[in-house]
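Laid out below as structure tokens are two forms of one and the same protein chain, each shown alone and named structure 1 and structure 2.
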Structure 1
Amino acid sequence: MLAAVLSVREATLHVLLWQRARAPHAHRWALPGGVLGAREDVRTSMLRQLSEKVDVREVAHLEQLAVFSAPDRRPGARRIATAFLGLVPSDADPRVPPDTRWCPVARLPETAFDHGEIVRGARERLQGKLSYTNVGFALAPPRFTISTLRVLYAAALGYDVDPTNLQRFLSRRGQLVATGGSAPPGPSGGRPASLYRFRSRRLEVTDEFVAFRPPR
């Protein structure tokens, strides 16, 4: 099992990778994962492996992505991989081991086996689900300004997003709730920005027939 764990770091979508020390593909970057335990279901196993191997415990959303079964996906004995998409909020700061790092999805280092393909599939799944579900909650901190949320959506979608349209889009689907609080004013002063939260922090389908589209 493998997990493509995505998070927005410094306004850019990143994936968590670790550097292999052994052949095959020594020194290449790989997705964290491992073998399903005899008494575990796949979700429990994947969360355990992320916690034990790369010290990531703040996974806000985890779902099965796909099964990768190409006969030549790795040298040696054939191995089939069940891949997962995991999302970590932007304000989480797990203490990853020295051989592990957050890497920009758009500029991946040389990856092991078919792990680059898995990362691209995870990004596409996330981009699709941002349109018709509330999955943005898994990228966002518990409370946020619309400006902050725009940065997260833009990073995940790969193109700029108008904050007013984003707020309207999410509010019409009942995803956003005003907290009544406001963010501290910035260095230039001005009116403090209102803080919002997602109504639910569990995955919900909000409109299965709607899709975000890049600006023309």
Structure 2
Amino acid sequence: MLAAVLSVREATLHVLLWQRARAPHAHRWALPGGVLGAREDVRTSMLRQLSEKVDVREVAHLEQLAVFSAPDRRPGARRIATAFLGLVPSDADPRVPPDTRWCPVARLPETAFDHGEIVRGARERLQGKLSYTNVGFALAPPRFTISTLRVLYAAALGYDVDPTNLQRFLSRRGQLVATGGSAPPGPSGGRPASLYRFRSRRLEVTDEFVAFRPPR
């Protein structure tokens, strides 16, 4: 049971890691997690374990990634890990324990066991789903401007995104709702940006087919 909890902080994709104090792999950085309880399913258990690190209400999305099971993936007693991808909106600022930090995914510190691989898997899953689902909601605050959203998408994808096209992409799919409000412009002026929200804050597949749409 491990979770790669991703969030965009200061325009960069970060992951929540804690520094191990004890051997094995002392001082290396590890994903939060623990062991499955007798009366829990894996999702419930993951949420319980995360609640020790972050406020669970701030985890806007949680999904299974994969099982990591190589017999030698960690020294000592064998442990099989069900890995999860968690997403925390950029506005949430959860209190975390002193040994825990948000680390930039592009420049990870030395990670424990196979946790680096899990983080890379999580990032790839997120990148894919940004393009054919509404997962963006889980990176964004409840209300946001298109510029803000652009920064979040760019950080998660690792390349620049055109705000015009982002706006139209989401609008065409009915995912963007104008709230009516607007954000005040910055100190150097400029037109105030309208505030939007996602129509739904639960995962929806917006592009079921790349090709092979059923005939009319």
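Just so it is clear, the model here is predicted, and its values are computed rather than measured. If you superpose the two forms and keep the largest set of C-alpha atoms that fall within 1.5 Å, you have the rigid core. Numbers follow structure 1, counted from its first residue as 1.
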Structure number, where the criterion is the form predicted on its own: 1
So, superposing on the core, is the move of residue 208 at the CA at least 2 angstroms between the two structures? yes
